[in-house]
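Listed next as structure tokens is one chain, alone, in the form predicted on its own.
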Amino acid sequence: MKRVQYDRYGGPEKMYFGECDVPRVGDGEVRVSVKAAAINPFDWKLRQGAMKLVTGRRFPKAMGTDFAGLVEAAGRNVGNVTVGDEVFGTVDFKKSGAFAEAVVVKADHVAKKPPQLSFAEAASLPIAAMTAWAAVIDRAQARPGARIFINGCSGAVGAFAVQLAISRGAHVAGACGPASRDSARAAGVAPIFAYSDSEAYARGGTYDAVFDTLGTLDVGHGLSMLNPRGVFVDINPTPGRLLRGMLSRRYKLAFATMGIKRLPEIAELAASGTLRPAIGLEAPFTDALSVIADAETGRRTSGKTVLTF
């Protein structure tokens, strides 16, 4: 089968289409014929070597984490899906491989695709929605009346975070770029700030939680925006940010892997319209190399970029 892979860590030029055997299915695993795969910044960061201490130096390595498709084989001890089911899910980042004609994953890494969603829409859910869940529900504990500030409220993770927080009855303020202000306002964010208005953020009062989706909000400034019991939630833990955050018990990390067990609930929320994936571009798998490179080098669209098969 054909997949996107690379033989060494580096930039977009390291990617190529390779051929590999259709993977076997083990106990507790399913093989999915991929119909759509969403591109995440995490995918090219892995290829660049950001996690090479974990992913190692055994090549070639496959790319891609989020996908949707049809279950074509299931191993023993699989109870949540059966052959023929339409599913969406994510691949363990240590293996990756969603940018391929088929992928084998643990059965608990997939959930049944809501029939209301296209394969492209379903493929856009996993990492972004799982990260938002870990940050807003698990760490920020969104609840009725809570005040939450989201830096990057219109991005893939930020938009889902807004939707989750508001569905829990929280009030959401946020920062975004000028082109996204209307969509953020329509989603219920108020007030909305420009990224450059960092001194204005705190004038609205203290927050129960500040969620920085971008890694651009100074940790000290974010902590100063909190009430005494508030938390600063970070998903971009650079060494400097970690060091600053370790000085405060109110600094919390959130990771997509914390939300894998929530995939069935994410599916239910998407089916009801509470979570609404936004597609910016659907491109054929044959264009994967150029489309990934465009996204990586800044030529991005508003909404998710999805490869279709």
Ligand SMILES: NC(=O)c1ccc[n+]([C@@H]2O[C@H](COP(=O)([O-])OP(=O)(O)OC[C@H]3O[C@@H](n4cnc5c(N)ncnc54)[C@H](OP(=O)(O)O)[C@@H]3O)[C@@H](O)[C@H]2O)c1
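The term rigid core refers to the most C-alpha atoms you can superpose between the two forms while keeping them within 1.5 Å. Numbers for residues come from their place in the sequence shown, where the first is 1. For clarity, every value in this text was computed on a predicted model and none was experimentally measured.
As for the form predicted together with the named molecule, it is not shown, yet the points below apply to it.
K.L.:
Decide open or blocked for this chain: the named molecule is absent here, so superimpose its site C-alphas on those in the model of the complex and check whether 3 or more ligand atoms come within 2.4 Å of a backbone or C-beta atom.
P.N.:
Transferred pose: open.
K.L.:
With the cut-off set at 4.5 Å between non-hydrogen atoms, does Phe255 touch the named molecule in the model of the complex?
P.N.:
Within the cut-off, so yes.
K.L.:
Taking heavy atoms only, is Val157 within 4.5 angstroms of the named molecule in the model of the complex?
P.N.:
Yes, contact at 4.5 Å.
K.L.:
Does Lys304 reach the named molecule in the model of the complex if we count a contact as any heavy atom within 4.5 Å?
P.N.:
Yes, contact at 4.5 Å.
K.L.:
Can you tell me whether Lys14 touches the named molecule? I mean in the model of the complex, with a 4.5 angstroms heavy atom cut-off.
P.N.:
Lys14 lies outside the contact set for the named molecule.
K.L.:
Whether Ser118, Ala187 and Gly273 jointly form a contact site for the named molecule in the model of the complex is the question; each needs a heavy atom within 4.5 Å.
P.N.:
Negative, none of the three is within 4.5 Å.
K.L.:
Name the residue from Gly79, Gly205, Gly177, Gly169 that puts a heavy atom within 4.5 Å of the named molecule in the model of the complex.
P.N.:
Exactly one residue meets the criterion: Gly177.
K.L.:
Check each of Ile137, Val105, Val231, Ile127 and return the one that places a heavy atom within 4.5 angstroms of the named molecule in the model of the complex.
P.N.:
So the residue touching the named molecule in the model of the complex, by this definition, is Ile127.
K.L.:
Just one stretch in 23 to 31, 264 to 272, 42 to 50, 243 to 251 has heavy atoms within 4.5 Å of the named molecule in the model of the complex, so which one is it?
P.N.:
Only one stretch qualifies here: 42 to 50.
K.L.:
So, superposing on the core, is the move of Val54 at the CA at least 2 angstroms between the shown form and the other one?
P.N.:
Comparing forms between the shown form and the other one, the Val54 CA shifts below 2 Å.
K.L.:
Any CA movement of 2 Å or more for Lys252 between the shown form and the other one, core superposed?
P.N.:
It does not reach a 2 Å shift.
K.L.:
Compare the position of the CA of Arg262 between the shown form and the other one after a rigid core fit and state whether the shift reaches 2 Å.
P.N.:
Superposed on the core, Arg262 moves its C-alpha less than 2 Å between the shown form and the other one.
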